[in-house]
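A single chain, nothing else alongside it, follows as structure tokens in the form predicted alone.
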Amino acid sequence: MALTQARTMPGTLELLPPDQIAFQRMLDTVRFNFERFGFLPIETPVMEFTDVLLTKQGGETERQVYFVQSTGALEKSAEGLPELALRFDLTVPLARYVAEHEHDLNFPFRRYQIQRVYRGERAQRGRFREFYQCDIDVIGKDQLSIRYDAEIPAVIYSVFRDLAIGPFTIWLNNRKLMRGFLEGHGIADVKQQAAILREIDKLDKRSQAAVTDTLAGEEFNIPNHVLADIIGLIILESRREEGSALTYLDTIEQSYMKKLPGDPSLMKEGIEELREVLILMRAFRVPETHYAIKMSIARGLDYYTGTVYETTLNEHPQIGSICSGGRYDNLASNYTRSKLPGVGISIGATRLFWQLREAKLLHAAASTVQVLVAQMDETLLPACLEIAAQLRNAGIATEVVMEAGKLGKQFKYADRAGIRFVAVLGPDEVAKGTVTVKDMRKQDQVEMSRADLASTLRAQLAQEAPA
């Protein structure tokens, strides 16, 4: 019988154990920080009803959706879309979840979700069809204070500080400020405003000249004097230093808002919201060296209505945004008549891990196994298992060699697997009630009593555990 070639579908990330451990530890850090700020975990099914998931017909989203059909359903299928589809993000399932469980939830509802999502991306380097997203959202009933918009950057700072992947910047803006600026220049059509903001959001990916040419073209036909004001505003950003962001807002107010030919009220509202967020971020103890205002940050999705965020690594700008999100007016308008405003962020964990590994900012981790109990003699297996149980009961991850063999081969196995300690129990040790422990990192060994084994190893492991 011919063998089927073993191969992985393009656009998925399948890791060997050392890299998988590093990835899991990254997720654990994210989860720890989400929970530290009082967010509650939820999970939603990987599949949703197609009519629930695809609330907007057509567009890029529908072209990237994976549909799900059982073999039985396939045999009976008629024309039309399959009944089920794989989720393409965690926001639409959250909207459905909140609408469905609205009367059982406490508001403001603070949720985090760390799960896989699926998109039919074109196979290319660094783009994934299956990937983890790590999301948090705070959702209010009828209203949600702007103060929550200041808490989100505090979570972002805490997460990336603990990931220790280098200096980073949280960029902030407010879409009301930008929409108000356009409105004050006579661009009042909401759809046109949204289209302009989508172009502005591309400034980091395209050149300033390219964005200017697009906005000056037939699609937008913006007058030259208005276009000059738009470009002049969006290329500005505040410095990452104490007082800079608030001073920058004052400059925008004086130099741009007060000179608007039209109604400045919406722009003023955006400035005041951003000012309140910045003041509260100080109280949240977010260092001003780690955030700044950037007027080109608009977030391409029309979904966002107020504060918006993007986070980048200072020394690796080519990686792009590693965390983004913002404020929205009504999460679940497709599923309930209740008004559910919220604010949240998303971290694309799989893509981030891949990029960090490519940039050599993350490295494969050592084994999760901390001690290997070697076996020199078949008759000593019960004693080896007893030592392993003793170590596990003390909270030390322990593996036992189940078949006796040469000690050198067992040391080599531990070294290749990244196991720190090897516990050796031979006839001499059994007679004396001791264990010989070899430290594979320092390449030294010591004999100690079995009674002290667990406490001694636990102390040594604790010395080098991450803070």
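Note that residue numbering follows the sequence shown and begins at 1. If you're wondering where the values come from, they're calculated on a predicted model, not measured in any experiment.
From this point on, the text means the form predicted together with a further copy of the same chain, which you will not see here.
S.K.: Looking at 361-369, 267-275, 244-252, 304-312, which one sits within 4.5 Å of a further copy of the same chain in the predicted bound form if you count heavy atoms only?
M.R.: Single hit among the candidates: 361-369.
S.K.: Identify whether a further copy of the same chain in the predicted bound form is within 4.5 Å of every residue in the set Leu163, Ile187 and Asp329, based on non-hydrogen atoms.
M.R.: Verified in the predicted bound form; spot residues all out of contact, no.
S.K.: Tell me, which of Tyr256, Phe109, Tyr291, Phe131 has a heavy atom within 4.5 angstroms of a further copy of the same chain in the predicted bound form?
M.R.: Only one option qualifies, and that one is Phe109.
S.K.: Can you pick the one in Phe353, Phe88, Phe168, Tyr97 that has a heavy atom within 4.5 Å of a further copy of the same chain in the predicted bound form?
M.R.: In short, Tyr97.
S.K.: Tell me, yes or no, whether Gln443 is in contact with a further copy of the same chain in the predicted bound form, where a contact means a heavy atom of each within 4.5 Å.
M.R.: No, Gln443 sits far enough from a further copy of the same chain in the predicted bound form that none of its heavy atoms falls within 4.5 Å.
S.K.: Please run the contact check for Ser449 against a further copy of the same chain in the predicted bound form: heavy atoms, 4.5 angstroms, yes or no?
M.R.: Looking in the predicted bound form, residue contacts with a further copy of the same chain do not include Ser449, since no heavy atom lies within 4.5 Å.
S.K.: If we define contact as a non-hydrogen atom of the residue within 4.5 angstroms of the partner, is Thr214 a contact of a further copy of the same chain in the predicted bound form?
M.R.: Flag for Thr214 set to no.
S.K.: Would you please decide whether Thr12 lies within 4.5 angstroms of a further copy of the same chain in the predicted bound form, comparing each non-hydrogen atom pair?
M.R.: Result yes; Thr12 sits at the interface with a further copy of the same chain in the predicted bound form.
S.K.: From first to last in sequence, which residues of 34-50 have any non-hydrogen atom within 4.5 angstroms of a further copy of the same chain in the predicted bound form?
M.R.: Result: Glu35, Arg36, Phe37, Gly38, Phe39, Leu40, Pro41, Ile42, Glu43, Thr44, Pro45, Val46, Met47, Glu48, Phe49.
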